[in-house]
Structures are given as C-alpha cells and as structure tokens.
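Just the one chain here, laid out as structure tokens, in the form predicted on its own.
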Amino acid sequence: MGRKLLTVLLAMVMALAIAGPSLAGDYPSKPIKLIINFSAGGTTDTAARLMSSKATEVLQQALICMNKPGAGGTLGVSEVARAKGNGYTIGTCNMPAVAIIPQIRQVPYKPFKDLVQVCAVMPYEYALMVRGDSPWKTWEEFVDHVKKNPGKVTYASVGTGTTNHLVTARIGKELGLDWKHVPFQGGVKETAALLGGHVDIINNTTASVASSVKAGKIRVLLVTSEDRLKMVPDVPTMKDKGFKFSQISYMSIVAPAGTPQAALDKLSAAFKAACEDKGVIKACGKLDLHPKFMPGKQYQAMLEQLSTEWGALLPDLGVKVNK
C-alpha cells in the first residue's frame, strides 16, 4: 500500500514538473476568450477589438471578443473573476469596477484578490455633452438653466458608481446644483437617451460620440478629463473653469487570480505591442481613441490609491458606502 501511494505521488510530481514549463513554452495553445465589460459599439468595445487584432498576431491565437455589459462594468468583470485562472479567459475592466463600485454595493468578487491587472491599455477621455439642437451653447448657460429649474434637469451616466456618475455628482455638489442622476448600461444607451431627448446632459467618453459631435448632433460643453481634447480643442476643461479635480479612469486588461505568471507576461507583451503598433494607433486615432500602455503592477498601485481617495469622498456625495 505504501509503495503504491509513493508511486502515485511520484507520478503527480512528474506531471506537475512537466506541466509548468509546458505552459511557459506552449501558451497559448488555443483561442483566448476576451470578455468586454461594456456594450458593443462603445469606447471600450471599439478599443478592445482594434487592439485584439494586433495582440492576436503576437500571441498567434485568436482573441474571441464577447460583450457582457451592465452594472457599471461589473457584470463582465464578475465573469472574468470566476473563470479558471489558466490564461484562457481575460477581460476588459474600467477603473470603477475595481476601485469604486465594490465600496458602494456588493459585487460577486473581491477586486484586489480575485483579479490580476495584466496591464492598462488606454485612458478614457470624458466630457459633459448636450444635444446639438439644445439652447445651451456654453457650460455657464447650462449651469444657469439647472439653477433656475431645481429638480427638473437630468444627467446620465454609464452606471451608478462609475466616474461618469460620481464626477458629475461632485460637480453638482460644488456648484449647488439640484439635478437627477439617470444610470444606463453603457455609453451607447446613454447616448441614445440624450439624442432621444430623454435626458438633458450626459457624461460620456468623447470617442463613443465622435461621429455625432462632428455631425452637430451633440455639443460638448465641458471636458472633464485633465487635458483639452483634439476633437474639440476650444472646449474648456474642468481645470479651466476652476475645479480642483478631474475625471481619471483607464481601460485595463484583467485575468482571474491564479493565472500563471508566464501567461500574464505573454498577455502583457501582446497588448503592449498593440498599444505601440502604428496601425493600431492610426485606426484608434481616427476614432479619437489614444492607447497608452501601463504595466499591471504600476496600474495596480494607482487603483489602490484611487480606491482610497474615492472611498473618502463617497459619503460627501450622498453615496452610501457598503460595509
């Protein structure tokens, strides 16, 4: 009996010894599922698909893109978190899905334990926008309208707890605005609501509405990102208007905890190549998307800092913190 047990144990050790180097050398040996945590046609979806084309070349395996939108991006992230950590399921992730939303409500994952940040691949660029045929030509005109119509104006976001929601709420608090938040499942539905006249103003990525801005259907009133945007260079930023904060969020690639380091390294290298590829940069640039690579560990440190900062601000914004 003892000899049989020893034989089994030796066989298991040998199998593990063979499997470890095999993953490092052969990964990936089959297609990889990439779960996109926002709706088709939006900024995250578009950027992910453009980058995936180059990453596929580097990895020599297909990246199969699948959309899983909802709950401020947390539904897609949840699916990644509960997948096997074998390198064959990864996903896109927005900063709030890790750093903010889990502080507001229950999510089926522990953001800093169940997920590994492979790398950050693109900062989002945001602005507050109204319909092109609206009477408000400037930010000041819109603010004046809100103040004269307390409780009647609506602003939309891509979900409760996202930076789209919280930064707009923070702006309202500083200016003493009485307006109502309307959350949507992704930027596409949010934009449709604005164009349909169902909400008055939206906080969205400018890339997701580039064609509508150029066609005059949407007017950008205030850039909420740190710097002015190439698409609308004359539109002021929050800092231009005296605010001491701005909207910061990144699109990253995440994997389930336990994913072998060999797989993480290859995935990171593939997306780094995508971010630096001239063809990808050109294609993204036409859609006002601007890839920028950041190593996973560096981005992880940023996430932890942002989590602390937003956690301290949430009660002041009237947002109940989940304990």
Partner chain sequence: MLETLSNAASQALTLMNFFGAALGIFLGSLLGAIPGLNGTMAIALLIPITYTWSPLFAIAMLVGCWKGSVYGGSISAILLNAPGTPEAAATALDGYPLTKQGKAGKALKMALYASVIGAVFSDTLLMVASPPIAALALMFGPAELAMLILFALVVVAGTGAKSQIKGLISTALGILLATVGLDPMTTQQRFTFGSIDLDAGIGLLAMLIGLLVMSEVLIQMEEGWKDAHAEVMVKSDDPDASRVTWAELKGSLGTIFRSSILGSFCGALPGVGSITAAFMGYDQARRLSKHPERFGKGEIQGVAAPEAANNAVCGAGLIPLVTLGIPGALSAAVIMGAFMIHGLAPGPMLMVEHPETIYGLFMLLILSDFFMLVIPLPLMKLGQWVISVPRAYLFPVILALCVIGAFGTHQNLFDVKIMVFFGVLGYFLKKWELSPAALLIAFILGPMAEVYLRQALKISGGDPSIFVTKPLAALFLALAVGAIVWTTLRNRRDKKAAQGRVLSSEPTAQGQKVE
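In this text, rigid core is short for the largest set of C-alphas that superpose within 1.5 Å between two forms. Numbering follows the first chain given and starts at 1. All figures in this text were calculated on a predicted structure; none of them were measured in a lab.
Separately, the form predicted in complex with the partner chain exists; it is not shown, and the next lines address it.
Open item on the list: the partner chain is absent from this chain, but in the predicted complex, do Thr163, Lys173 and Thr205 each have a non-hydrogen atom within 4.5 Å of it?
Closed with: Checking in the predicted complex: none of Thr163, Lys173 and Thr205 is within 4.5 Å of the partner chain.
- [ ] Identify, from the list Val146, Ile104, Ile248, Val232, the residue with a heavy atom within 4.5 Å of the partner chain in the predicted complex.
- [x] Comparing distances to the partner chain in the predicted complex, the residue within 4.5 Å is Ile104.
TODO: Could you spot which one of Lys239, Arg228, Lys214, Lys137 gets a heavy atom to within 4.5 Å of the partner chain in the predicted complex?
DONE: Of the candidates Lys239, Arg228, Lys214, Lys137, Lys214 is the one lying within 4.5 Å of the partner chain in the predicted complex.
Open item on the list: My question is simply whether Leu177 lines the interface with the partner chain in the predicted complex - judged by any non-hydrogen atom within 4.5 Å.
Closed with: No, Leu177 is distant from the partner.
Open item on the list: Considering non-hydrogen atoms and a 4.5 Å limit, does the partner chain approach Lys286 in the predicted complex?
Closed with: Result yes; Lys286 sits at the interface with the partner chain in the predicted complex.
Open item on the list: My question is simply whether Leu75 lines the interface with the partner chain in the predicted complex - judged by any non-hydrogen atom within 4.5 Å.
Closed with: Taking the distances in the predicted complex, the answer for Leu75 is yes, it comes within 4.5 Å of the partner chain.
Open item on the list: Against the partner chain in the predicted complex, would Thr191 count as a contact residue? Criterion: heavy atoms within 4.5 Å.
Closed with: Heavy-atom contact with the partner chain at 4.5 Å: present for Thr191.
Open item on the list: I need the one stretch from 240 to 248, 179 to 187, 120 to 128, 219 to 227 whose residues put non-hydrogen atoms within 4.5 angstroms of the partner chain in the predicted complex.
Closed with: Careful reading of the contacts points to 179 to 187.
Open item on the list: With the partner chain taken in the predicted complex, which residues across 51 to 79 come within 4.5 angstroms through any non-hydrogen atom?
Closed with: Contacting residues: Met66, Asn67, Lys68, Pro69, Gly70, Ala71, Thr74, Leu75, Ser78.
- [ ] For Gly85, decide whether the Cα shift between this form and the one not shown is 2 Å or greater, given a superposition on the rigid core.
- [x] The answer is no, as the C-alpha of Gly85 shifts between this form and the one not shown by less than 2 Å after core alignment.
Task: Yes/no, Asp114 Cα shift of 2 Å or more between this form and the one not shown with rigid core fixed - done: No.
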